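Only one chain is included here, represented as structure tokens and corresponding to the form predicted on its own.
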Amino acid sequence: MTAHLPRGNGKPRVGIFGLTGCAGDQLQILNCEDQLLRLADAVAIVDWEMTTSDNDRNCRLDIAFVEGVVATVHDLERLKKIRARTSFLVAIGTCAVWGGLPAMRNLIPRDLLDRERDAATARFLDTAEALPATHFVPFDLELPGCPIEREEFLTTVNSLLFGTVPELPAIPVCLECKTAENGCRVIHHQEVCCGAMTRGGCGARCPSHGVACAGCRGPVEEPNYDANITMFAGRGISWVEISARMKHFSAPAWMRVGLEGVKGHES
């Protein structure tokens, strides 16, 4: 797959945007440190509120990066404008790709949430059900992670500059964990570890530090539900526990495909 990026004034014009979220993915880009200087030489970052107040909010963009969920009417309006401005749109972070932590509470009825919040202080909010940005407009590339991996972001930018779209890891975290020669958190510690069903690319960072995978990068494209449910059940872990853990970061996706894959497998 190729990316045909027009160039303005010798450099592709780039915008980086945040919807509702913690801004952790934008901070991760800033954490690229020395690589930022090379990035600034290669592209023209013309619209990024986190770093400057001197932004061009109307120009055409060759590449736009968006993090966060759509949780307000304003978010959706802004997202549509960004999509209309750019030739290539990239979702960065698990919130933008899968819904992240903000989407965890979608199972609570909206009318209940409206009754519980303080109407006097919250009436100015135009809140809506929190959903990933990818639910509303087409994206050309998705970079999951909570936050994204710096090297994955830099590789993506370099690939786009060369006119190609990077091939992101399709393996589960579980494989990266085995490559790192870690002891399995399920087999050896009887923990609910989401590594077998979670998209790799993080190098199995959490299991390598003695912590079970929480699924922050969202589900792998083809999780083998039957085999994993059988494996968990053999160690006294029910599919309900697995589902609850996976819904922490990818509730919309897990409710749509994940939970369907484990129905009828009660242990």
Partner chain sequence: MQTLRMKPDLMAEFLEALAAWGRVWAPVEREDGLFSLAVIDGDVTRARPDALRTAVPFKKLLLKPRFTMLQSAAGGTPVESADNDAGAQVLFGAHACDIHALKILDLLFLADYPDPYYRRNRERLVVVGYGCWPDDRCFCDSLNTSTADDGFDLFLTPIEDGIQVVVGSSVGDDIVRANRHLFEPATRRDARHYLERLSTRKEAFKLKLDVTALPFVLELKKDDPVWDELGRKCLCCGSCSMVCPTCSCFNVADEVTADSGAARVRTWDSCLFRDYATVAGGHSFRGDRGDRVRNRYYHKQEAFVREFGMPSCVGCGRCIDNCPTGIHVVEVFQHVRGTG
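Positions refer to the first chain, counted from 1. Only a predicted model underlies this, so the values are computations on that prediction, with no experimental measurement involved. For the two forms, the rigid core is made up of the largest set of C-alpha atoms that agree within 1.5 Å on superposition.
Although not depicted, the form predicted in complex with its partner chain is the subject of the following passage.
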TODO: Find the only residue in Arg115, Arg105, Lys81, His189 having a heavy atom within 4.5 Å of its partner chain in the model of the complex.
DONE: His189
TODO: Tell me, out of Val137, Leu175, Leu76, Leu101, which residue has a non-hydrogen atom within 4.5 angstroms of its partner chain in the model of the complex.
DONE: Leu175
Task: its partner chain in the model of the complex: contacting segment from 82-90, 67-75, 148-156, 129-137, heavy atom within 4.5 Å - done: 148-156
Task: 4.5 Å heavy atom contact with its partner chain in the model of the complex for all of Ala196, Asn228 and Met231 - done: yes
Open item on the list: Residue-level question: is Asn224 within 4.5 Å of its partner chain in the model of the complex, judged on heavy atoms?
Closed with: yes
Task: Contact of Gln35 with its partner chain in the model of the complex (heavy atom, 4.5 Å) - done: yes
Open item on the list: Is it the case that Arg235, even though its partner is missing from this view, gets within 4.5 Å of its partner chain in the model of the complex, heavy atoms only?
Closed with: yes
Open item on the list: Given that its partner chain is not shown alongside this chain, does Gly183 nevertheless sit within 4.5 Å of it in the model of the complex, heavy atom to heavy atom?
Closed with: yes
Open item on the list: Superposed on the rigid core, does the Cα of Ala44 end up 2 angstroms or more away between this form and the one not shown?
Closed with: no
